[in-house]
Every structure is written in structure tokens, then in C-alpha cells.
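Before any questions on binding or motion, here is one chain by itself as C-alpha cells, the form predicted alone.
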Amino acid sequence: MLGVCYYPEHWKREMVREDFRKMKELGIQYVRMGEFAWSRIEPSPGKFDWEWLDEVLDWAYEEGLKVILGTPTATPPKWLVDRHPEILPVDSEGRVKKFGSRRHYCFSSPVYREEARRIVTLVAKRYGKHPAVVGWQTDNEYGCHDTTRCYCERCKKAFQRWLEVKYDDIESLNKSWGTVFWSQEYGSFDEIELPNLTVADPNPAHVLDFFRFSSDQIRSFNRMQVEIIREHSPGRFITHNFMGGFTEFDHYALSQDLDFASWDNYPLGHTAVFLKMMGERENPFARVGHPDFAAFCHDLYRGVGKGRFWVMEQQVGPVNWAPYNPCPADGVVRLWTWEAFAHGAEVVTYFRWRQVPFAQEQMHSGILWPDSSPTPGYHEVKRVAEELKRIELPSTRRSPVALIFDYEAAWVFSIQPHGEGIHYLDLVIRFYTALRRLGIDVDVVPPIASLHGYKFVVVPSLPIVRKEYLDNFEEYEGFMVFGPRTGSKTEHFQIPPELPPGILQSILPLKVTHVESLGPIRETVLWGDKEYHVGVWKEWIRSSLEPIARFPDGRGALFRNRKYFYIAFWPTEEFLMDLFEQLADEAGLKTNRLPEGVRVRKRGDLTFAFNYTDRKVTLPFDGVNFLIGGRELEPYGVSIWREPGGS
């Protein structure tokens, strides 16, 4: 159930075997390695050094450790770059990104694809049936460091061919993109440039298709690796380590080729980056992480992974890459680990075993200090390992509520946000947090997922509503809540001819006539006897439906048609909690408004409670059989109990 990331190429030979012994002693069962080791495997073209890795894998097997072997394609070596400088990516400003860090390759480079195919084949053939190797991680963190989208000549040619396949003839593209605007019409696919370095904003349909193309390039690059591993390493799992809050390519699509999803969880860094994006100056969660960000990612990657996920990198101390990098509070590493298991993680793998004293990540902590003495995180890992011996984790079950998350929606928001501070992820987290503060478990699913069995479904926003999505929504029998900007664009990034929410009008008979991004303006929404102060976004609605909630000028803010709801503004958590509490009551779903900073999650017949605050909290649950902790939840503490009637 526990693992660690390890880089044997960083350490003296005599340290490695002792490290494996100490890992086993700590309670570690899985070790991830190899994802950055290309230069040690192939120091020069065609000259290989396998002996060190042969020895390392043999030692791991002797110690009873299970190895997840990474393909080393995230770091092509210097000799390869010198031989083929054309593999280097180009940023949106037209600058070549040079060798000297990582992820220095272009997904569209035919040369690099062949080199990647070659090294993955060699590694898979040699180690695919090694008894220590139980699974594979492809590459490492696709898209990290702004590398999803490359703007080189190879990408331009590949994009032109991608467009030709999609549109067949150039007139179809011109019509779909609306290129008559600003005299952008094209005479052939070979005339189309990449959507960067334009004087003003590029055509949004052009940009959206480039985002789709770039996502497809990553998927095909990954699929190439998967096919090689499947051939040479039968019976082993294949996964990839995605990142938290990263939406630049379609993870649902890529994961169709994997056995399950993994992700890299750095709650303190992710919280700092998220709050900075939102313009927040204060961070009340600086040493523990946002109560819902990591939890949301757990639920997202469980959905991405078709019901299965791992945490492949778990923060265990201060990191080196965030806007600021504090130490986790005492007990928080344990909280993060149990939280991952509560949301269904099969394995939590810590990053890293020992803090490296050199190069770019020397300020990034590990389980051990550089002198091999234990960090504070070591003792928390040991505590979790001991606690896991006392608890058998049951299988996960379907949650009562589904939240629909869509990567294409994130792209639409980023291309034309229509104002500062308007982010898809912010809207999503608001919906998710409101549900969690009511004690409701959530499944995060794509728009095409089966919705059967959920008490109700929330859609924070879905700008492009395809016919298959609408059919899915119409078949669902429960309540559905749609947030602003849903149905606001066609597939080709145009306003629907019938006005937003487009084809969704068959279930929500209303029209959005125009929209406002509010900036510093604050509006009031009136619902029943309550007022909600809102900002960010407002829509003007024309409809025969009687509004449930209104703005002070009488215009509708919340509409209902049978089981479907539409929110015509950027809702606050308070508003959403009140709305979801009412829907839950109508749907027969029990809610429980939790104390500030407390979250709960069920896994089978076990319930987990987490305290994200620095003060003791009394849980509102009586008469339960606590397995860990108790009703008095310590600061940053964890309590686990079995539901009455559980075995």
C-alpha cells in the first residue's frame, strides 16, 4: 500500500542495497525508478550500460520490493540533442527550449518518436519479465513546464495534416472557423500557421483545434509506448503520473490506453499556485493544503482511471518549485496519506526516498535528509505503515453525487475568459467544496459517463454540449444542476445559432442574451429570505420559466425546469450549499454541515474524518466504533470508524 520514488543512479552502489533494506523495514512495498535514467542506460549512441540497473532490480527482488519502472523518455540525453537538435521544442514566443533540464522534446518530432520507440523497446525487452518489475510508468508528467504545446515547424506540418483529416476540404474549415472575419480565409491547409505571435488575439476556433491537436499528439506518443510495453512485458500494469490541477490535455482520452491513472500530489505547492491564480493574497492552508484541492484530484483521477488510481508522488516535506515552500505541519503527511486511501487510492508513493544534495531539486525534501537521517515525514510514514496493518481497506463504492468535469471546457475558458479572474477550475472547486462541506462524497466523471444511480449530478460548466452529452443528460432520471456558460459555444467555438445554452434548450427552455464579467462589481442574488453577494460573472436570461432566485432588478438568477436547474451567475459556496442541501433533501440524501475545516469521506463501510485546522474539533457523529482517532479530532488529525452494521 506504500511506495517510494528512488533514483539509484544518484547514489553510491553500496548505499542502494542498504536503502532497500531500510525501505522494507519502514513498510515500503513499491519502488518507482528509472524515469530519468536514459544517460546512464545509454551513455553514448548505441553504447549501453545495463549492469548497474540489472543489479539494482535483482537487489530489489531479493528484498521483496516491487518495482514500477519508468520509461526514460522525459529526459533525452545530450548526445541525442546534439545529433538531432530538431527534437527540441519551441515555445509560443518562437524560442527554442534548450537542453539542461527535462522534458526537452517535441511530441511531433518524427526523429524523437523513433528514438523514444527504440529506447522503450530496449528497456521493455530487457526488463519486461524481470520478477521485480510489476508495472510501468510511461514518461513523466506529460505537459509539465509548459510543454504540452510546441510551436515548431514539425508541429505546424503535423497540425495541417490533422486539420486536413478533420475537415476534409478547406472551405469546410473556413466556414467552421469563421475565417471571413478579419480576412483570415485560407486557400489550402498548407497556408495555416500555428496560433501564436499574432498581432491581436488569434481566431479562437483555430486555437481550440490546436489545443485538441496537441492533446492528441500526447495521447499517440503515449500509446506508442504502451503498445511496446504490452508486447514485451505481459501481465504488468501500465500507468502515467498526471499532475494536480493540470488541464492542458485530455486525461480521460489518454487513460483509455492505461490500466489505471496515477497523479503527483503536492498539496502545499498546489494550494499556493491555485490561490495565486485566483488572486488570493492570504493562504490559511499554507502548511496543510486546501481542504478540497487534493481531494478533488483524487476523485478526478479515480474517474480518469476508470475507477482505479495511485498517488505516484506524495509530498513528504517542503518542495522547491512553488511560489513559497513552507514545511508541512506536524501530522499532515499522515493526513494526506490517509486522505488518498479514503478516496480510493490503491498505493501512495512518497517523493522521494532521500533528498538529493545537488542539482535542481536539492531544496526538495524526502523521507531522509541528504545524510540519510530521517526527516519528520519519515516518522509519519512509519506511523501510517503501522496503522495500515490494523485496517483492511474495503473496495470503493459509487458516490451519491457526480460532478461532470471536462478538459475541453477548461480550454474554452482559457481561450476566451471574457475577463480577468475567470477560471474553469475555480468554478469547479466551488461546486465541489459546497458538496464536501455538506458531507457528500463525489465522483468526478466525463460528460459521457453513465449517470445511472446518482442521487443528483452537478455540471459546473460545459460550454460545448455535444449531442451525445445531451442524450446522456436526458436519459438520467435525477436532478441536474448546470452552471454558467454551459452550452455557450458550438464545437467550432461559435455562439449557437439558437443562443446559449444551445441544444440544451430542449431540457432548459431559456436563452442567454448577453453576459457580463463583473471584475470589482458586486451583485446580489435574492433567494427566499436570503441575500447572496456574488461577483465574477452574470448572465441575462430570457425565458418563460419563473425564476427561483433573482437579481435585485428582477431578472432571473436561478431557473428550474422539472429536474433541471440553471445558475445564471458565478455562485458562492454559501449559495451552492443551500441549493445542494435542498436537492439532497428532495432526493432522499442525508447531509451534514461539517465544522469549519473538517471533511469526511467514505470508503466501503469505513468513514474517514480529516481536520485541516490547527485546533481541536468535535465531530458531529455519535455511537460509532472508532478504529483510529476518536470523536475529538486533533489538529491536522485523522479519525476512522466503521459504519454501524459493518463487519
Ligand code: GAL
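Source: prediction; values computed, not measured. Numbering starts at 1 and follows the sequence shown.
Just so it is clear, the following notes concern the form predicted together with the named molecule, a form of the same protein that is not shown.
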>> in the model of the complex, does every one of Arg102, Asn241 and His364 come within 4.5 Å of the named molecule, counting any heavy atom?
In response: yes
> Which pick from Trp527, Trp321, Trp540, Tyr167 sits with a heavy atom within 4.5 Å of the named molecule in the model of the complex?
Replying inline: Trp321
> Out of Glu380, Glu141, Asp250, Asp443, which one falls within 4.5 Å of the named molecule in the model of the complex, going by heavy atoms?
Replying inline: Glu141
> Taking the shortest heavy atom distance, is Glu523 within 4.5 Å of the named molecule in the model of the complex?
Replying inline: no
> Would Glu313 sit within 4.5 Å of the named molecule in the model of the complex, counting heavy atoms only?
Replying inline: yes
> Would Phe274 count as a contact of the named molecule in the model of the complex, using a 4.5 angstroms cut-off between non-hydrogen atoms?
Replying inline: no
>> in the model of the complex, is there a heavy atom of the named molecule that lies within 4.5 Å of any heavy atom of Tyr7, even though the partner is absent here?
In response: yes
>> Using a 4.5 Å heavy atom cut-off, which of 408-416, 263-271, 158-166, 478-486 contacts the named molecule in the model of the complex?
In response: 263-271
